[in-house]
Ligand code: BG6
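Presented as structure tokens, the chain that follows is alone, the form predicted alone.
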Amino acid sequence: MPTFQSDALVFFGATGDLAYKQIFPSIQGLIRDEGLSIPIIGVAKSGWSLDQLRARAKDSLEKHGGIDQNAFKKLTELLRYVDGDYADATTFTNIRKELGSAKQPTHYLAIPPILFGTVAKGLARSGCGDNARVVVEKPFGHDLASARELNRTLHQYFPEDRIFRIDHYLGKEPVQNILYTRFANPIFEPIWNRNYVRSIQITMAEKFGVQDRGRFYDETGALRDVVQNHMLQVLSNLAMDPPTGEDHEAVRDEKAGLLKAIHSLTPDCVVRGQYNGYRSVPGVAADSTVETFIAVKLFIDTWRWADVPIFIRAGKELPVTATEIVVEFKRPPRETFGELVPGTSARMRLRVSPDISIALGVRVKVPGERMVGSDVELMLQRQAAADEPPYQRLLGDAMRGIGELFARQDSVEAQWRIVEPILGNVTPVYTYQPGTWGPDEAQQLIGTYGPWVDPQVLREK
């Protein structure tokens, strides 16, 4: 379908934490970099005035990236505010008034999912939803059944091509770089399959704990928080087939096909851990069995990836903060020089954060008479400071109607189907000490395909 540029941006939850940390900096970036000049309407129930929201925006920008004087001046001119309850029809009547002549707005729901249906209904009944797009924040459900119910609710008021589900990981430059590196370089495609790849590891490590998010985290856990969404999306970029065709659905078609081919996880392919001290965090139950670390082993049922084990682990209070992919290639069937060769010379590393790097492990001859070698790593590395922030990219795409970097309904439901059998307290939770790489049982999970490759970070952000 043809796309159009939205002529207004309405964001619900305007006084909340997400708006403070991400939305205001992203809007300023869109004004500065793309000349955005449309009504920007914040909506919340806080008893605030427009001047208070402007002050909040200024404080947000001062603490998250800095103020661009020209762009901020434009932002304050474009900014409007509607204060009201989301269940009150008057709120949406007031939004319609603030929209003025705008006829194709984008509504961004930076609010809890339980309110999505209420807001979608209010938009539809007031006419604010006519020819509009709606952007919703994760989590997209709490399990497969709730994800389907959420989709049914949204589809009552908006067609699928007008629904944009944000997973900010998909807007990260290095995640996009995975796709580009794979398909722009002809050396990779011939070996990117089960004939040459022995295993894949994906690690998302965080050096910090749950901090002040104890209540939220104790209802969520590592599996729901990052594996079901971020890590499976990273895997889809890494393992999907090349897209065919030029429309924006081509990439999402291949990602969805890949996710649908992943076997559902079983308890014997999961190790859960909880760091010592987690239960003392405010908001966490004293007898909590929620995981702060998880490791899983999964398989993709396709010709390309049949029998290649994929290991994903994610956790808090680990030694570093980094997200990294390691693709281990198979060694030749015979070592020509009779050496015992470690796996470090047959792998590719792609780091997503905190810096961006692509590294290839190779084996080179040690100077001298003997035909022996040592492992070295060829690395391209750069800092991510100049990258366009994920939310700026995603909001810009949503307002243009470009859905490639957003999660589609069938992909979301496939992701929940993968993790559904291991949701809840279906496996033991092992304790681990903060500053370690999780419980020892995670090494047992990876077995002969190990050890885990631990990211090394020289300078963390």
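Note that the coordinates shown come from a computational prediction; the quantities given were computed from them, not determined experimentally. Residue positions are given as counts along the sequence shown, with the first one as 1.
One more form of this protein exists, namely the form predicted in complex with this ligand; it is left out here, but the text below deals with it.
Peer 1: Spell out, yes or no, whether the shortest heavy atom distance between Lys316 and this ligand in the model of the complex is within 4.5 Å.
Peer 2: Yes, Lys316 is a contact residue.
Peer 1: Answer for Val226 alone: is it within 4.5 Å of this ligand in the model of the complex, judged on heavy atom distances?
Peer 2: Result yes; Val226 sits at the interface with this ligand in the model of the complex.
Peer 1: I'd like to know if Arg331 sits close to this ligand in the model of the complex, meaning any non-hydrogen atom pair within 4.5 angstroms.
Peer 2: Arg331 lies outside the contact set for this ligand.
Peer 1: Does any part of Arg272 reach within 4.5 Å of this ligand in the model of the complex? Heavy atoms only, please.
Peer 2: Residue-level check for Arg272: no, no contact with this ligand.
Peer 1: From the list Arg165, His230, Lys297, Arg349, which entry has a heavy atom within 4.5 Å of this ligand in the model of the complex?
Peer 2: The option sitting close enough to the partner is His230.
Peer 1: Just one of Leu170, Leu259, Met204, Val119 has a heavy atom within 4.5 Å of this ligand in the model of the complex. Which one?
Peer 2: By the 4.5 Å criterion, the partner-contacting residue is Met204.
Peer 1: Each of Tyr180, Arg393 and Arg400 having a non-hydrogen atom within 4.5 Å of this ligand in the model of the complex: is that the case here?
Peer 2: None of them does, since no heavy atom lies within 4.5 Å of the partner.
Peer 1: Among the candidate stretches 85 to 93, 205 to 213, 68 to 76, 149 to 157, which one is within 4.5 Å of this ligand in the model of the complex when only heavy atoms are counted?
Peer 2: Contact-bearing stretch, as computed: 205 to 213.
Peer 1: Hey, which residues along 365 to 379 are within 4.5 angstroms of this ligand in the model of the complex, non-hydrogen atoms only?
Peer 2: None of them.
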